[in-house]
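Quick heads-up: it's one chain on its own, the form predicted alone, in structure tokens.
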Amino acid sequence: MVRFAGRVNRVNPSAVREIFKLMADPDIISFGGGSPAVESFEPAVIREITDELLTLRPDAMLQYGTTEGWIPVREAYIEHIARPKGLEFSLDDVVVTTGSTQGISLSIDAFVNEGDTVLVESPTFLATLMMFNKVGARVVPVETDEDGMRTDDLKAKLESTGARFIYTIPTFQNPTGRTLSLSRRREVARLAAAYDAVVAEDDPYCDLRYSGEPLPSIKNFDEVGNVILLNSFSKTISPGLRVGTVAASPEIIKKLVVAKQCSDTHTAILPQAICAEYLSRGLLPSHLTQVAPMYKERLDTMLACIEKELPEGTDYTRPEGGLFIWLTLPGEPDMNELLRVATQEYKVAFVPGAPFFVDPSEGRNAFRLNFSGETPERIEEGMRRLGKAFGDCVR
């Protein structure tokens, strides 16, 4: 019998990826993924850019590249993403990754040893919890409220655990949709400096804002170089391209490059070049302006349906952007049984909340809904189905 490595045995399959398998069923209305709307894709634009790249620079597009990333996409990120947000980086401050998930993984490789204590928001992105579990880290949750991670509890946990690594999704957080307040962003940077801790600031949703005012990143307040800023083009251009970026001090970037050389050598050149051209042509701002009303309509539709269709006493977040709403049901429902009933009998999917917590029992009555992937009409129908499924099981 084969013997697997302990680090793999420590990790359970992703609840979200398992639900993705259900999406092959056309009758399923899925609120379970985290995908951008297919209507937001621009295949004609991507095709035009791709054809031009393969016509003018075929050898470069089909060849190996440097681990640090295609220089034009790093330059485009600096000019069109970072600088408008008040961030100044050089090429030595940026590495291109295969999606921002790889950026998280490389950061963990560089800073977290087996047995090390790391701090995360509670709840947090389940894939990151899986990565921490794989390397054998001790994961300690930090309490959150409507303004995101509570910095008083962060300070207490830094003092009590000696943790030197903090993971946060400050804007339209996954899974809750909450946004870390401006004052807390400053405080996170200050605490990281005071306690010599690294902050992995995972910010893939920051440009998907439908109301309210944009906030500076935690990196904007980083005075000592402790903050690693992770971004992605998956939610804004295309998840299929699998292109993300990490911006940090040159000292940190050098270590991430070494870690990446042990992973995939380099991110594929053609997707990087597509993103570089997309940004350099100035297409992203107008694209975001076009998709924001569509996403807002879907968000507003789902919020209205929660009030109308779900059991009385259901609590939920009201995000100003992003892709997710976080809900808790009254009582003590069996969320796994609810998911079974919802998917098998009512053909509607969601993600139970337990996998987003260090202690799964804390999420026993919680769940996450994604509003971006379905039309308003299908959201209304799906929420009617969900209300019926919950009505059969929640008393």
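What you see is a predicted model, and the numbers here were worked out from it, not measured in a lab. Don't overthink the numbering: it's just position in the shown sequence, from 1.
Below, we refer to the form predicted together with a further copy of the same chain, which is not included among the displayed structures.
Taken together, the three residues Met131, Val258 and Leu270 all lie with some non-hydrogen atom within 4.5 angstroms of a further copy of the same chain in the predicted complex. Taking non-hydrogen atoms only, Arg164 approaches a further copy of the same chain to within 4.5 angstroms in the predicted complex. Proximity of Ser160 to a further copy of the same chain in the predicted complex falls outside the 4.5 Å heavy atom cutoff. Interface residue remark: Gly363 is not counted as part of the site for a further copy of the same chain in the predicted complex, having no heavy atom within 4.5 Å. Not displayed here, a further copy of the same chain is approached by Ile274 to within 4.5 Å at the level of heavy atoms in the predicted complex.
Only one of 32-40, 340-348, 326-334, 354-362 lies within 4.5 Å of a further copy of the same chain in the predicted complex by heavy atoms, and it is 32-40. This chain is displayed alone, yet in the predicted complex one of Leu310, Ile78, Ile108, Ala189 has a heavy atom within 4.5 Å of a further copy of the same chain; that residue is Ile108. Interface residue among His287, Arg209, Lys85, His266, judged by heavy atoms within 4.5 Å of a further copy of the same chain in the predicted complex: His266.
Residues from 88-118 that approach a further copy of the same chain in the predicted complex with a non-hydrogen atom closer than or equal to 4.5 Å are Thr98, Thr101, Gln102, Ser105, Ile108, Asp109, Ala110, Phe111, Val112, Asn113, Glu114, in the order they occur in the chain.
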